[in-house]
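First, one chain by itself: the form predicted alone, in structure tokens.
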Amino acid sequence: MLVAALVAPALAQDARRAYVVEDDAIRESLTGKPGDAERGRAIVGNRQVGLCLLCHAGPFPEERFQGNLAPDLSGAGSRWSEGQLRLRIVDAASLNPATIMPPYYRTEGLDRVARSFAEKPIFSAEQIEDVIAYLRTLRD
């Protein structure tokens, strides 16, 4: 099943990869290769994986009850560069300390994390690159 494949990597075996923040971006891929936009769309649209649609709306006509707490994902590929998207997913709080967006890859300095999730990223590096590949396709 696709959903299980999307969830399993980050919580099971992802060895976090180092990254460098430059200005408002992480310019280098976390995997050294581009992600898969189709897998990225599946992650963003799935309510059990990243929960993106809890806060964001986007071009998902099949999904009811999309969020309105965060920017609409439509046009994300026009508004932000690949590196800017990467930083927002890895650790949005580095840009806005008051954000409610969870850090999908940062694991240090977090409060109130369940023991079973401590020191584990929400997304694997591959999942982040897949989501970025999908978001880059969303142009106005």
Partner chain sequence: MNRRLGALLLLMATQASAEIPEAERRSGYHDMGASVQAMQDDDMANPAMLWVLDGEKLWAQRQGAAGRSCADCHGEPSRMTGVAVRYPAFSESASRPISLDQRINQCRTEQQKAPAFDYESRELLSLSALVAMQSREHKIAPPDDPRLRTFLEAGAATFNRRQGQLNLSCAQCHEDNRGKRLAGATIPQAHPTGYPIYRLEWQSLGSLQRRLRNCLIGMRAEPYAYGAPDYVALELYLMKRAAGMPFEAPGVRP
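Note that the structure is a prediction, hence the values are computed from the model and not measured. Positions refer to the first chain, counted from 1.
The discussion below concerns the form predicted together with its partner chain, not included here.
Original post:
For the spot marked by Pro34, Pro61 and Leu73, is every residue within 4.5 Å of its partner chain in the predicted bound form through some heavy atom?
Top reply: Verified in the predicted bound form; spot residues all out of contact, no.
Original post:
Does at least one non-hydrogen atom of Ala42 fall within 4.5 angstroms of its partner chain in the predicted bound form?
Top reply: Ala42: no, not in contact with its partner chain in the predicted bound form.
Original post:
Is the gap between Pro102 and its partner chain in the predicted bound form 4.5 Å or less for some heavy atom pair?
Top reply: Heavy-atom contact with its partner chain at 4.5 Å: present for Pro102.
Original post:
Arg106: heavy atom within 4.5 Å of its partner chain in the predicted bound form?
Top reply: So Arg106 counts as contacting its partner chain.
Subject >> 4.5 Å heavy atom contact, Gln48 to its partner chain in the predicted bound form >> reply: Residue-level check for Gln48: yes, a contact with its partner chain.
Subject >> Residues of 100-139 having any heavy atom within 4.5 Å of its partner chain in the predicted bound form, listed in sequence order >> reply: Sequence-ordered list: Ile100, Pro102, Pro103, Arg106, Glu108, Gly109, Leu110, Asp111, Arg112, Val113, Ala114, Arg115, Phe117, Lys120, Pro121, Ile122.
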